[in-house]
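Next comes just one chain, in structure tokens: the form predicted on its own.
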Amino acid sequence: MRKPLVAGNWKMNLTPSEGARLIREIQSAFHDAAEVVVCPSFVALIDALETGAPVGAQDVFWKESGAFTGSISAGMLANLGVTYCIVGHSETRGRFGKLEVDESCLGYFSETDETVRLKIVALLAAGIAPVLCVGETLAEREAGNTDAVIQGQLSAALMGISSTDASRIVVAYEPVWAIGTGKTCDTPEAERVCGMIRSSLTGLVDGAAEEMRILYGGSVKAANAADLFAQPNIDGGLVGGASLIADEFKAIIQAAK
């Protein structure tokens, strides 16, 4: 049986001390029925780890070392004690539900399917579980391309990954149009897409598909978490803004029971 996972993606929010304080506020809601992991910014990782909570990173670079100013390797994260890492988030791919930078700056966000795959390989080698984000934009959904887009992202990211390694990967379905917008994919459609993801995984990493956890992300909140988490192919959530509010995140964690 797959154990639910609730992951909080703090994005570029909270100082190290603020993050540690938030973790201490939510730890009373942790329970054995689900895993909880918080994903702070790089500068807040150490303070978060010192609380004893499971901690993930928001990104990684695929090389072990070198002249890559500003980058963080999987080995560095593993040395700290990080156990999960988000890869391929729509925001690092330059695919925003709510654009908060000038369009002229979108080239800064240049993640590709190939760099996502390289990051997954590096994380697996370092003993860190990747949280692979996939999802479609509003234009892609309206064109009827949701399934094809996600299948393409999965295929590229998992190319050459063995079933044994794939079983350590978490997949997070995040419809881009629901990230930071307050819109949520309705529960039946979220379940349909997550079921499609599991079927696609069977073709890509047969033998691991039933073990792999699939999360829903995109405006997850206390009001909809229990309904989403009750679906057979949704094994928890990748939570954005609601993970920054102690009472809201605690209620989401409780919903994973």
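On a predicted model such as this, the values are computed, not experimentally measured, just so you know. One rule holds for the numbers: they count along the sequence shown, beginning at 1.
The same protein also exists as the form predicted in complex with 2-phosphoglycolic acid; that form is not shown, yet it is the one meant from here on.
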2-phosphoglycolic acid in the model of the complex has a heavy atom of only one listed residue within 4.5 Å, and of A122, I179, C85, L154 that residue is I179
Within 4.5 Å, heavy atoms only: does G218 come near 2-phosphoglycolic acid in the model of the complex? yes
Given that 2-phosphoglycolic acid is not shown alongside this chain, does P16 nevertheless sit within 4.5 Å of it in the model of the complex, heavy atom to heavy atom? no
Indicate whether E136 is a 4.5 Å heavy atom neighbour of 2-phosphoglycolic acid in the model of the complex. no
Of the listed stretches (75-83, 109-117, 141-149, 171-179), which one has a non-hydrogen atom within 4.5 Å of 2-phosphoglycolic acid in the model of the complex? 171-179
So which residues in 215-241, when you check 2-phosphoglycolic acid in the model of the complex, have a heavy atom no farther than 4.5 Å from it? G218, S219, V220, L238, V239, G240, G241
